[in-house]
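Below you'll find only one chain, the form predicted alone, shown as structure tokens.
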Amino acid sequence: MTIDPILLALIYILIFPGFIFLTVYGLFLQWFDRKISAVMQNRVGPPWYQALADIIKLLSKEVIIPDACDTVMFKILPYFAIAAVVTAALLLPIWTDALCSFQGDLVVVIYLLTIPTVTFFLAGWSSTSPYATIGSMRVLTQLFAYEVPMMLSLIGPAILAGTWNISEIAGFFTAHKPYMLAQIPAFFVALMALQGKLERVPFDIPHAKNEIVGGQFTEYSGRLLAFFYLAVDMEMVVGAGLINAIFLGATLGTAGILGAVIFLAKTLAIVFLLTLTKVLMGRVRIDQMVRFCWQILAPLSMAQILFDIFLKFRLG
């Protein structure tokens, strides 16, 4: 039986590896992050269904639109954030090679993962609230801080593999596993940059509740706030999946259920490292974050690129 290509595309987008998969796994990772944090801090932590209950609660609440805001932009921004993350997921090798694989898809994924951050900035700016405006400016400042180190950290493995295709990069490191060890500095840079992109401690500066209420999302409520939170959870899945593909060989050449299990195990390990970073550190100031990214992460990733170019010449 042949499935209609349009129906198959809708299944990929809406079910797996698209919206439903990202929603379920993203909510699970949120619970995993909160539970591990609680265990490390000697607390009980939330029950397994807490993340889902929070989303359902927000979906049931009224959406309040500020009088002075740009109503159209205020309403559509959460959907743009989710659409960008779902599209990026289709370019990652999750249980086999990526569904949409082409030369340069690494650049496209980096671009797509920038769109949610831009929507966060526009969300705060269009709200016309002083707290949301401050939060949105912090979002944009952080973007300029971590985006360059993240991009540079991903360039090194691409140069070494001789391709800008994510699946081919994963295949290269699967075939040359010792070279994974040579990418540890870039892996660290990408991990820290992802922490900043997700606005997690110590880089949760844009929505510091004890300073600016709720940051760029101060004026958001109901389903619109729920969709923004979902976008962040989905972005955690895609960000961890991207780091897995570039530095850890994705599914290590396996396909089907075993490949999916390997993907889940590796992304869980990456999120555990993000959680460990969150628990061990306190929030830094925005100027400290910018200095850290430009004075430490960026030079470290540049050194990794030079080292990978050297290795590339040695490989011939």
Partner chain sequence: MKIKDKIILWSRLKSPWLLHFNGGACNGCDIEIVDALTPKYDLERFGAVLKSTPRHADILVASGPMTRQQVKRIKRIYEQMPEPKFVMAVGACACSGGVFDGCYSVVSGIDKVIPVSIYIPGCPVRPEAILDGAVKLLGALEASSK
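Residue numbers count along the first chain shown, from 1. Model, not experiment: these values are computed from the prediction.
There is also a form predicted in complex with the partner chain; it is not shown, and the following applies to it.
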{"property": "Non-hydrogen atom within 4.5 Å of the partner chain in the predicted complex for each of L140, Y146 and K266", "result": "no"}
{"property": "Of T119, N244, T218, S167, the one that lies within 4.5 Å of the partner chain in the predicted complex (heavy atoms)", "result": "T218"}
{"property": "Segment that reaches the partner chain in the predicted complex - one of 146 to 154, 220 to 228, 172 to 180, 79 to 87, heavy atoms within 4.5 Å", "result": "220 to 228"}
{"property": "R285 within 4.5 Å of the partner chain in the predicted complex, heavy atoms", "result": "no"}
{"property": "4.5 Å heavy atom contact, P66 to the partner chain in the predicted complex", "result": "yes"}
{"property": "Any non-hydrogen atom of A53 within 4.5 angstroms of the partner chain in the predicted complex", "result": "yes"}
{"property": "In the predicted complex, R291 touching the partner chain (heavy atom, 4.5 Å)", "result": "no"}
